[in-house]
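Single chain ahead, written as structure tokens, the form predicted on its own.
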Amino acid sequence: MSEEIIVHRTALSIPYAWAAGRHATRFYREIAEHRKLFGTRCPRCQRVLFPARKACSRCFTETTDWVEVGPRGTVTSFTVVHYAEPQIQPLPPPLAYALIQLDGADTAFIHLVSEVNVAEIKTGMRVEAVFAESPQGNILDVKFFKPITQG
């Protein structure tokens, strides 16, 4: 005999704080205060890692050199979201998240792509950062990326 399992649905609110660390703090401050994007170069394999990291994810060597990258880059992959999750999504659907490799960086990172019909987004598309008007010291100080229409 199979019994249906009871499922309770609720929402949790868990306030928390965390220390960003030296690398992330500098990374976020450069965006908020100077609207500049920085990665770090691995002294061993020479890859420029973006966002800036304390250690190389490939060879685990501590990074020390800061390198300005972007603000333009290339979409290397993307996904389009068609359902609404208002508490976690910064824009109403459909919205697109893309892996973007900034000029001068060897790694890609995920961010929003906006000011474009999501059906027109494609791998290889050139995009540029749009900075938030009121920076808060987090990755959303880059509000989103938009297609480069000329230049």
Partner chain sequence: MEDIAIVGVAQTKFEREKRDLNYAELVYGVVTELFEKTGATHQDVDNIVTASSDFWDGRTISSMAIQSAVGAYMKSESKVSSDGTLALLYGAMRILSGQFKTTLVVAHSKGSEGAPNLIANAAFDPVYQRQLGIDFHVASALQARAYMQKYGLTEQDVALVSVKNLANAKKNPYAQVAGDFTVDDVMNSGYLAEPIKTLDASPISDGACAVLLAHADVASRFTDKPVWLKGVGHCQDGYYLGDRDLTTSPALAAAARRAYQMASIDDPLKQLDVAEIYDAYSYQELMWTEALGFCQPGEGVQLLKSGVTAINGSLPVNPSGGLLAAHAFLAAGLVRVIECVLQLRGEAGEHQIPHAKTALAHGSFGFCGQTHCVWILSAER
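Positions refer to the first chain, counted from 1. We call the rigid core whatever largest set of C-alpha positions still superposes within 1.5 Å between the two forms. In this text, all values refer to a predicted model and were calculated from it rather than measured experimentally.
Separately, the form predicted together with its partner chain exists; it is not shown, and the next lines address it.
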Would residue 92 count as touching its partner chain in the model of the complex under a 4.5 Å heavy atom rule?
no
Residue 125: heavy atom within 4.5 Å of its partner chain in the model of the complex?
no
Please run the contact check for residue 85 against its partner chain in the model of the complex: heavy atoms, 4.5 angstroms, yes or no?
yes
So in the model of the complex, does any heavy atom of residue 69 sit within 4.5 Å of its partner chain?
no
Rigid core superposed: residue 17 CA moves 2 Å or more between the shown form and the other one:
no
